[in-house]
Ligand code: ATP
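One chain follows as C-alpha cells, the form predicted alone.
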Amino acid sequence: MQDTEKPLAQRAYAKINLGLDVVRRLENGYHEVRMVMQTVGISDLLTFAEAESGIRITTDCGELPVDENNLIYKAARLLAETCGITKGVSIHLEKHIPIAAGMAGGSSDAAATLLGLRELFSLELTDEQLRELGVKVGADVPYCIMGGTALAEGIGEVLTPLAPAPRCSILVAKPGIQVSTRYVYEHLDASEAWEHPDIDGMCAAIAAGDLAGVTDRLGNVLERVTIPAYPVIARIKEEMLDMGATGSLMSGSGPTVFGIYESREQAQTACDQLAQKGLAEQLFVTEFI
C-alpha cells in the first residue's frame, strides 16, 4: 500500500470527438454509436489518500456535488464493493476540464479514480477489468481509462485502439452555457435520415497520418440538436474557420467547440482573437495526447 502521508496523484484528461455517429436507438433507451475519440491535454488532477472509513471528496469547484451524485464517488464505491476494500479514502479534485461541456470531464474523473485507487490499494486488476467496471459508472469511462486515439462502438464501451492522430494544435472554446447530454439524445430523432460522418474514412486517414483527411471528415450528428438550441456553437465554429482552422466541430453533446490548426502559433493567435469577441467563457490551446 501507499504511504498515507504521501497522497497519490492521478491526472484525468479530457476528450474530444473527431467523429460521432449515432447508428440507432436501442430498446433500453441507449443509443448505439460509432465515434472516434481523442484525448487532449486539458486535465483535472485527483489526489488520493487512505482514510479510516468512508469516501470523502473535496474540490476547488463549487459547482460540483461531493456526495454519491458525483461520478468519482460512484467509481470509488463500486471498486470498494467489488474488491472488498474496508479502508476509506479521501479524494481531492482540482478541476480544470469544463463542466457539462461534451469533454467527458466527469467520466475522466471516474476513470482516474479507478486507476488511482488500484494503485493506492495495490489491487490486482487489469486495465480490461477496470474498463468492465467503468462502464457501470458511465459509457465514456472505459475510453477514459484507455485514452489516446480510439474507435468507440456499442454505447461507447466497445473500444478499438487506433494509431496516434496526426500532430496538430487544438483550440478549445467552451461558451458560457451547459448542455444536458440526456436532453440532446432524447431530442435526436433516430428514425430521421441524416448524413452520417465517414467514421471508417476517418480511421483510415488517422492510420495514414493524413491530417487533411482527418479534418475533411470531422462530423457530429448531435450538432443537429444542439446547434439549433444554442446558435453560439455555430458562430464559434465559423469564427475558428475564419481564423485559419483546417476544421472545426462541436465535441460530444456540446457546447464545447474545437478547431484544428497546423501550428501552435496559429491556434494561439486564433485564441486571442476569439477571446476579444467574447463568445466563449473558457478557452484553451492544447494538443492531442
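Quick note: we count residues from 1 along the sequence shown, nothing fancier. Predicted model only: the values in this text are computed from it and were never measured.
Keep in mind the form predicted in complex with this ligand is missing from the figure; the text below concerns it.
ask   = 171, 117, 103, 145: which sits within 4.5 Å of this ligand in the model of the complex by any heavy atom?
value = Contact check passes for 103.
key: Of 202, 137, 79, 72, the one that lies within 4.5 Å of this ligand in the model of the complex (heavy atoms)   = By the 4.5 Å criterion, the partner-contacting residue is 72.
inquiry  = At 4.5 Å between heavy atoms, only one of the stretches 60 to 68, 225 to 233, 259 to 267, 241 to 249 reaches this ligand in the model of the complex; which one is it?
reply    = In short, 60 to 68.
request  = May I ask you to check whether residue 156 falls inside a 4.5 Å heavy atom distance of this ligand in the model of the complex?
outcome  = The answer is no: residue 156 has no heavy atom within 4.5 Å of this ligand.
task = Determine whether any heavy atom of residue 95 comes within 4.5 Å of a heavy atom of this ligand in the model of the complex, and answer yes or no.
result = Residue 95: yes, in contact with this ligand in the model of the complex.
inquiry  = Considering non-hydrogen atoms and a 4.5 Å limit, does this ligand approach residue 123 in the model of the complex?
reply    = Result no; residue 123 lies far from this ligand in the model of the complex.
message = Whether residue 149 contacts this ligand in the model of the complex should be assessed with a 4.5 Å heavy atom distance threshold; does it?
response = Although this ligand is absent here, residue 149 would stay clear of it in the model of the complex, with no heavy atoms inside 4.5 Å.
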